[in-house]
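Single chain ahead, by itself, as structure tokens, in the form predicted alone.
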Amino acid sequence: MTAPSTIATKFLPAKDQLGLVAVGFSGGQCKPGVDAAPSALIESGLLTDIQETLEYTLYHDGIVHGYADHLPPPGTDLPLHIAGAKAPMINPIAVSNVTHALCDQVYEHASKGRLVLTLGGDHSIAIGSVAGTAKAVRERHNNSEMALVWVDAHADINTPESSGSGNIHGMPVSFLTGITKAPKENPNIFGWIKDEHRINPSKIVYIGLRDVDIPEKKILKDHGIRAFSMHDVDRYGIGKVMDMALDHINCGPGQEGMPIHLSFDVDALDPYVAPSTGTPVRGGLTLREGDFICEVIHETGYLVAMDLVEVNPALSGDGPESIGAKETIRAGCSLVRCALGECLLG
């Protein structure tokens, strides 16, 4: 039986207080089904594990939020054409409104000093979750910055101009860093994002990249963002990659450390492990490598928030009851448990 973690937390008043936001939203991309992920994860027993096995006090309203009150009337959220863009932004009003609402929900938990877990949903929701955490960290820690560890097959740092699809789940990091601002075509879209919500590009680390668009490669280089691809994982091993990643954000042994927000896209895992996701790419992390990333970040004591996104139970074989869907849900739950302190020997 796994025991609760004994790791001391550095940036939270207590290590066993967890705020949960379940986000049933799929508007950042075009494939239906990812909105069902929070319910599937919860029904698999994740919250029971968090409370009974890992012994967290859970703060959750019992709702998988669909944000109906924040969605524009049908037929009004038209694709937004940006000057010079390859493709128009899809569902811009919905994604902006929902991420704004989510930002407030995450902030409400984080401002009280709780570790915050956000279950998505597609990766566009990180605009809201990361923004909410960043604002709370600045308020609680004397205008301190936080680090963002982004585990993903994709960089998700396209701008509206560089995106080939217009899907906003490929743009969240560009909004969070301020590389992309509210579009002049409609300044109300993402105009809610202020400096207090943003992340310094020098405090971002990517792990697991293997499908990066050419414009994104230029953005990463131009902004000096540290990124570890699967080539690096193969060359150095996941242990060394994590040492280098934590060193970059000043969170390694003997370093001062800073609050960490971990945003984990399940497509960082190889499709053999997690096939039920919207944009699978072969050659990814094993489940043990994914779990190890989460374990190591937990062991720092610096984790203040986590997202788990892009589990899509509808995208595997015969749907939600297929083996592939169940394996992906099981993998997602494992990642969360490891980030919250589960370890192999209890």
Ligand SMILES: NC(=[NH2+])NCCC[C@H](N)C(=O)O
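Don't overthink the numbering: it's just position in the shown sequence, from 1. Note that the structure is a prediction, hence the values are computed from the model and not measured.
There is another form of the same protein, the form predicted together with the ligand; it is not shown, and what comes next is about it.
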Hey, with the ligand in the predicted bound form, do H123, E216 and E310 all fall inside the 4.5 Å heavy atom range?
yes
With heavy atoms only and a cut-off of 4.5 Å, decide whether T279 touches the ligand in the predicted bound form.
yes
Looking at the partner-bound form in the predicted bound form, is H154 within 4.5 Å of the ligand by any heavy atom?
yes
Would S165 count as touching the ligand in the predicted bound form under a 4.5 Å heavy atom rule?
yes
Applying a 4.5 Å heavy atom distance criterion, does G132 contact the ligand in the predicted bound form?
no
Answer key: of N158, S96, S263, T118, within 4.5 Å of the ligand in the predicted bound form (heavy atoms) is N158
With a 4.5 Å heavy atom cut-off to the ligand in the predicted bound form, the contacting stretch among 141 to 149, 102 to 110, 208 to 216, 176 to 184 is 208 to 216
